[in-house]
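First comes one chain, alone, set out as structure tokens in the form predicted alone.
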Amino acid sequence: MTAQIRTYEGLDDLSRAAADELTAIAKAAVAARGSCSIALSGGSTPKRLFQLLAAQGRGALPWDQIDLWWGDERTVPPDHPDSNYRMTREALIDPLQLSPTRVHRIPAELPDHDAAATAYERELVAALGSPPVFDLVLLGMGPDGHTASLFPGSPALREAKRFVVANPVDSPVAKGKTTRITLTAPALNAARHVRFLVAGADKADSLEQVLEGPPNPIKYPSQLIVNGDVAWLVDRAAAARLRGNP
């Protein structure tokens, strides 16, 4: 797998670089098209990025012209501790007092998970076309090689037409059997820019397989993301097993 790999000493340096990239991409999108659409990731790694963006203040970016979407969500209410939306709201949305009209969360608390996925797909296509074209997609990677909620061996890995699906997963990383709402590979690969943020020694083995191992996206779903402008921002702990450890 050929990809741009940028290595940083730790999570803080990685997050500051990610903030710089997001800022540049967002400003360019607004200048070119009048708005910017970003798909956010959940998990622990992007939280530091969101805190840095919030610390810069509302004037650092044209936030009134930036739409926030999500790459995936756990099937919990928006105020649940496991909610990706809640983490972003606390770290970024509330501190900057972003307009609710620019925040498009996944309605993952609906009891009908397929209906939740269909509703989000409909909203995405209405706003961004078919396929929906994000200006930037932020992704993480789990220690099992999953990204968004595309988990190893899960049904969504073979989805070729839908852009959002309810994906049943059974994984220790997901704490057993559950369902996640997730963007699919066709949606993620349609983005203008994709940035993976990967930190931690527990990611080193999977990162080596994803970036340097043979193609096996059913086992390592992050390999499904083959967008033309994809870059991996990784810390040295995660990059420890890569050839040359750049």
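Quick note: we count residues from 1 along the sequence shown, nothing fancier. None of these values were measured; they are calculated from a predicted model.
What follows is about the form predicted in complex with ligand 6PG, which we do not show.
Ligand 6PG is not shown here, and in the model of the complex it never comes within 4.5 Å of any heavy atom of Gly57. When ligand 6PG is considered in the model of the complex, Pro215 lies well away from it, no heavy atom lying within 4.5 Å. Asp72 belongs to the set of residues with a heavy atom inside 4.5 Å of ligand 6PG in the model of the complex. In the model of the complex, ligand 6PG lies within 4.5 Å of some heavy atom of Gly42. Residue heavy atoms within 4.5 Å of ligand 6PG in the model of the complex occur in exactly one stretch of 42 to 50, 59 to 67, 204 to 212, 185 to 193, and that stretch is 42 to 50. Taking a 4.5 Å heavy atom cutoff to ligand 6PG in the model of the complex, the one contacting residue in 158 to 191 is Arg180.
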